[in-house]
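Presented below, as structure tokens, is a lone chain in the form predicted on its own.
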Amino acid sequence: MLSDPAAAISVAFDKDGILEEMCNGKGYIDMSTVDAETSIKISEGVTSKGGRFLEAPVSGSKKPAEDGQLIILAAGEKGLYDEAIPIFDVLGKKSFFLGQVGNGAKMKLVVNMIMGSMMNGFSEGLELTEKSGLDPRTLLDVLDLGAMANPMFKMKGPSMLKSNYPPAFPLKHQQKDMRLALALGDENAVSMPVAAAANEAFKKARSMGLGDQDFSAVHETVKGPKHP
């Protein structure tokens, strides 16, 4: 499970990489979050050596990983997927087989694009609540009781109110995924103005030195001076 396309390519193709030991009968499962083009390139390298390839990016961060509650988005060699199910059942609560190589990467980017856009809207809502003279803790309670209730708001909200962003999913990786999702949108002629604006907010947060903090630190980009 690697950080970005460059790292995934390096581990596969560089000196002492996996392709040097790949041969008939061996399989390689890459759980990195990358673009479809990267997954396809690695798959072609593996299969050219007689190996089998499965991409299996996951939805979920540090705590779901520790609890075995990840969601696994696999694509590629179906036989290798079937063999890996017992492992996936330990790592995650649900596995999906999405067909040909690249589909897992695309699904993961869509999921993370939605997550990043939601976090920006949530950050703006927290700040608007406070600046309007309301208690943002009450907003968290209201959201948790309604149709927008979700584990992300429930888990991240209290820490965000304290400007505390322990890195479960680093902001720099969220911004990378927004960038890759926008590129996927370009490929498919999909207008994504909300995701584009969210990406700019994450870029601003990186420029503020928040790249290694949790992605919820994007909240800092909308926070203004406190009322006296």
Partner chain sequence: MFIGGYRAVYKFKCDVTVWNRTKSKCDPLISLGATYKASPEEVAAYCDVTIAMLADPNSAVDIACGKNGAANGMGPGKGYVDVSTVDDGTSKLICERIKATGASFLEVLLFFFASPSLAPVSGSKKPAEDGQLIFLTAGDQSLYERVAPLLEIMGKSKFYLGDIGKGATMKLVVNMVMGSMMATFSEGLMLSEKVGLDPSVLVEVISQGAISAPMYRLKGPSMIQSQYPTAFPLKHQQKDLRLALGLAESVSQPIPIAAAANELYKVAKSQGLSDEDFSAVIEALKSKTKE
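Remember, it's a predicted structure, so these values are computed and weren't measured experimentally. Positions refer to the first chain, counted from 1.
Another form, the form predicted in complex with its partner chain, is not on view; read the next lines as being about it.
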Tell me which of 167 to 175, 26 to 34, 184 to 192, 40 to 48 has residues with heavy atoms within 4.5 angstroms of its partner chain in the model of the complex? 184 to 192
Assess the spot marked by L128, D135 and L139: is its partner chain within 4.5 Å of a heavy atom from every one of these residues in the model of the complex? yes
Although the partner isn't part of this model, could you tell me whether L91 comes within 4.5 Å of its partner chain in the model of the complex, counting any heavy atom of the residue? no
Does G121 make contact with its partner chain in the model of the complex, using a 4.5 Å heavy atom cut-off? yes
So, in the model of the complex, is L54 in contact with its partner chain at a 4.5 angstroms heavy atom limit? no
Closest heavy atom of A198 to its partner chain in the model of the complex, within 4.5 Å or not? yes
Neighbours of its partner chain in the model of the complex among 69 to 97 [non-hydrogen atom within 4.5 angstroms]: I71, L73, K93, K94, F96
